[in-house]
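What follows is a single chain, given as structure tokens, in the form predicted on its own.
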């Protein structure tokens, strides 16, 4: 059956919208290949010199390592907290639980600049400014709602009879969660972990408020690089950042498709 005119117009509009959102970020790819020493489009000559500078510079490599440590730690913490919150709210399932869910999702609604100012005020007396724990905690608070959403979506398709059967057979609550519920919602948990990693890996607003000298993540170094000079190595770093984000997003899509196929079977 051929798609109708309305369906084709919707598809065309979706592609135009996607191109409008993605195209500005893709400008970094040709700029990263320029042979010149300042940010510019290549003029017939291409070079990988800026990628060589990126992967041989101790400062850039340090920022890569710091971003990786913070993003992986954030992903692990947010996954544990978001999964436990989602399972708890799913088990309670009342109006109060929906109110708690709305409160937990607030970090997604509140503008990041406001969250950054709040973190800054709170972290000063706690001595967490410009430290790994401070940045990981802040990113975890921002990323946990992403995990809560993906795990809650998986739990919506979970058959409660499986849990009842496990409890009737004498399994404890911990055993039921570990051996029955978690394996059934694994794709949602993994997708949430990937989204949490992406959020922390790309985050810049909160990082600008909370870090200064001791913690220097990749987005912060790129930000300062653009402000202080016009080195095309910034564009090469942006390409690597986009590539890692796209890989994580592709993994999330693959998991979603596997989950959809498993649901159909």
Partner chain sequence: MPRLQIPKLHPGWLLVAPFLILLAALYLGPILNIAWLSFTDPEPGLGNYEKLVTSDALARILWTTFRICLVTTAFSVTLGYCIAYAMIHAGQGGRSRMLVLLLVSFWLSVLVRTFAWLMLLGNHGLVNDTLVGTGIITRPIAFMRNELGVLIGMVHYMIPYAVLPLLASMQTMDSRVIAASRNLGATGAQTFWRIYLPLTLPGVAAASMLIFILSLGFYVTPAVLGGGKVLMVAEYISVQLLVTLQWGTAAMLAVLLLLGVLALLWLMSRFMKLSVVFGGSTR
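Take the two forms, find the largest set of C-alpha atoms that superpose within 1.5 Å, and that set is the rigid core. If you're wondering where the values come from, they're calculated on a predicted model, not measured in any experiment. Positions refer to the first chain, counted from 1.
Keep in mind the form predicted together with the partner chain is missing from the figure; the text below concerns it.
This chain is drawn without the partner chain; in the predicted bound form, the residue among 33, 54, 70, 198 with a heavy atom within 4.5 Å of it is 198. Contact with the partner chain in the predicted bound form, judged by any heavy atom within 4.5 Å, is made by just one of 122, 180, 155, 76: 122. The partner chain in the predicted bound form comes within 4.5 Å of a heavy atom belonging to residue 245. Heavy atoms of residue 166 never reach within 4.5 Å of the partner chain in the predicted bound form, leaving it off the interface.
Mapping the unseen interface onto this chain, residue 21 counts among the residues with a heavy atom inside 4.5 Å of the partner chain in the predicted bound form.
Using a 4.5 Å cutoff between non-hydrogen atoms, residue 223 counts as a contact of the partner chain in the predicted bound form. Contact annotation for 183-209: residues with any non-hydrogen atom within 4.5 angstroms of the partner chain in the predicted bound form are 194, 195, 198, 202, 204, 205, 208, 209, listed in sequence order. Positional change of residue 26 between this form and the one not shown reaches 2 Å or more at the C-alpha, relative to the superposed core.
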